[in-house]
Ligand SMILES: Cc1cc2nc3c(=O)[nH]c(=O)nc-3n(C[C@H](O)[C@H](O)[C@H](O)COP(=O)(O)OP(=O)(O)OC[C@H]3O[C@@H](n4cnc5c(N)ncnc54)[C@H](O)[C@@H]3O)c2cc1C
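The chain below stands alone, shown as structure tokens; this is the form predicted alone.
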């Protein structure tokens, strides 16, 4: 027996589950296949304003908000040892008319909540199973899960990560590169408040960032850690006992948050970048890490992927629901996402490399940019809006709700 749906989504992470809910609520029959990972691994995601609007528009925000901590301030501290140091930069959400830039939530909690919501959503089926054995036809795509289920759909959406099997099967070309860095992630409790501020220390090995988390149990003050470092340092620190690693974290952030304690497991991820030549192929669309990937700087990763999801919902819904894999709809999606993906990938790459280069002209340029943001209010506010809710044309699901008259 073959399972049939308008849209098949490969991958049951945050992006794939969000796409499933959004497309099912747009009127398509959707099958999501993957393995939702709800194991705590020290990773979190900061959902910025445009992403929160998406979840609000889908009616999901009330379920997610209790699991997250608002981020009202972003603090950037130059800890590179540069001969041209810059003063700390503080950015406040109220400057751009927001209560918060966004909210930080554990990946495991986000995926767990979205999986529950997906199972409750009419028109959506969510089952465990990794997809493969793709067969692309003129009018549909067929695939088989590793559990032996055959599925036929008019469109298959790749939300199956940076090593996307769907991307390979569809023959979509991409460029990939690596950085001499590994990101160490962990959940922390600390003795001083975070004041709902995300604090980013810029070091010569990359940023070391504390992002606020909500209280849990007896731990009133909690944050997630994303610390970029060399592969050798990551290997050494991953082997340290909790107390010794916590002491090194305290030193790295100059005890800004007081005493630090580890919560649960830590993880380490080699840093790389990936950008696809195009986001579509016949009856195929890619979103999130399957389409683009870069270091976790500025929390742009999943937020960019959710803009993919919102745009895909708009492009597919614009011409009716008779054929979810229409060529004109996929072409519109690819065209609409190209500039945003390209500029974010380039910007994160340049910022990350500027920290690694111990070269006075590069330090000067980076420092001049930070000083300009400090001194020039309109520039600072424009860049803040660009980071959390780009002022250009956003898909309808991410637009600011109209005020009631």
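From a predicted model like this one, the values you see are computed outputs, not experimental measurements. Positions refer to the first chain, counted from 1.
Keep in mind the form predicted together with this ligand is missing from the figure; the text below concerns it.
J.: Would you check whether this ligand, in the predicted bound form, lies within 4.5 angstroms of a non-hydrogen atom from each of 10, 160 and 300?
T.: Affirmative, all three are within 4.5 Å.
J.: If we define contact as a non-hydrogen atom of the residue within 4.5 angstroms of the partner, is residue 185 a contact of this ligand in the predicted bound form?
T.: Close contact exists here: in the predicted bound form, residue 185 approaches this ligand to within 4.5 Å, heavy atoms only.
J.: Is residue 30 close enough to touch this ligand in the predicted bound form, meaning at least one heavy atom pair within 4.5 Å?
T.: Looking in the predicted bound form, residue contacts with this ligand do not include residue 30, since no heavy atom lies within 4.5 Å.
J.: Are any of the heavy atoms in residue 174 no more than 4.5 Å from a heavy atom of this ligand in the predicted bound form?
T.: No.
J.: Can residue 130 be called a contact residue for this ligand in the predicted bound form at 4.5 Å between heavy atoms?
T.: Yes, residue 130 is a contact residue.
J.: Counting non-hydrogen atoms within 4.5 angstroms of this ligand in the predicted bound form, say which of 325, 212, 296, 207 makes the cut.
T.: It is 296 that has a heavy atom within 4.5 Å of the partner.
J.: Exactly one of 388, 24, 397, 14 has a non-hydrogen atom within 4.5 Å of this ligand in the predicted bound form; which residue is it?
T.: Of 388, 24, 397, 14, the residue with a heavy atom within 4.5 Å of this ligand in the predicted bound form is 14.
J.: Heavy atoms within 4.5 Å of this ligand in the predicted bound form: which stretch among 251 to 259, 73 to 81, 214 to 222, 301 to 309?
T.: Only one stretch passes the 4.5 Å heavy-atom test: 301 to 309.
J.: At 4.5 Å, heavy atom to heavy atom, what parts of 89 to 119 sit next to this ligand in the predicted bound form? List them in sequence order, or say none.
T.: Stretch hits: a single one, 107.
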